[in-house]
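Form predicted on its own, single chain, as structure tokens, below.
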């Protein structure tokens, strides 16, 4: 909940940023942060690194595109207040299905299984033209209008993304304190003891993946409105790795670090082209990732917390000395 409250000062950003910074940097960072949060949640509280988060987000995005307005003539248009819950439900169910498939896997095996699911979904969307319109995908996916105003408006889309990020962080904070959330953490720490208590470990694992699917789906909906298109490239290996990189940069074991990593990633992606060739961006992000792993294995979020603790420690020592005297 405290991490969600930190987002409140960001309400003032529209007062100081132009549309470019507000949309291309701030809004995009929040959207990617929500998707990365779904991975950080699994890594932190279940101890599993999933490569299927882009798939869950993509399912929500494709649902919005197929049942919403687009310019490719594929799909069945429905009101946005129907398509949004539908997209979240499909993303949640896809997360539960991934959890059911990967429930017996840990470590590298969980990574490989979820990566296989993500790659399989990528090729399925590329080859299926009935639901996903194949290679081309969907374009002209317009954000809905509320009271005659499009949510694609830079200010409204930013506020919507900020609200979604705050709600997502609050949901994570509340969920991990619930009985189910505590059971998920128990499965992470001692699955054998959970089984000894007569509790099936399958249900908590599936529930954790389903919840991560809900978070990824929320990011996927915002992303398709932001991009105004979705295709197989939106769920390919590139986006899969990008979500992992964002989570690692911010701190894979710190849910709030997903947004820190997203800001760094977006800044590099937006302005690196002014410094190096676009083709060398992967090299740059690889170097940045390597430096962060070496200097701050816990990510930038952990590094900031360590620095804050060091700044507080000199102030705490004189206070303790005065109390003893």
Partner chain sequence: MTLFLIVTLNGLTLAALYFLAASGFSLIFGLMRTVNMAHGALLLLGGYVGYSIVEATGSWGLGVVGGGLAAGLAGAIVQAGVLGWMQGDELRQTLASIAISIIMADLMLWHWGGLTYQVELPDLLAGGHRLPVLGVGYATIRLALMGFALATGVALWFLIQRTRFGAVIRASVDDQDMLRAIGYPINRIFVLVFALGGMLAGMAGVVAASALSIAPGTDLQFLLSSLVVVIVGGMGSIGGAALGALLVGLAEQYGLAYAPTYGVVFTFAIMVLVLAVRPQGLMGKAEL
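Since we're looking at a predicted model, the values are computed, not measured. Residue numbers count along the first chain shown, from 1.
Another form, the form predicted in complex with its partner chain, is not on view; read the next lines as being about it.
- This chain is displayed alone, yet in the predicted bound form one of 71, 150, 163, 127 has a heavy atom within 4.5 Å of its partner chain; that residue is 127.
- This chain is displayed without its partner chain, yet in the predicted bound form the stretch 128-136 from 163-171, 128-136, 83-91, 205-213 comes within 4.5 Å of it by heavy atoms.
- Contact check at 4.5 Å (heavy atoms) against its partner chain in the predicted bound form: none of 154, 159 and 271 pass.
- Contact annotation for residue 233: none of its heavy atoms lies within 4.5 Å of its partner chain in the predicted bound form.
- In the predicted bound form, residue 78 stays away from its partner chain, with no heavy atom inside 4.5 Å.
- In the predicted bound form, its partner chain stays beyond 4.5 Å of every heavy atom belonging to residue 265.
- Looking at residue 104, you'd find a heavy atom of it within 4.5 angstroms of its partner chain in the predicted bound form.
- Residues 113, 115, 116, 117, 119, 120, 122, 123, 124, 127, 128, 130 are the members of 113-139 with a non-hydrogen atom no more than 4.5 angstroms from its partner chain in the predicted bound form.
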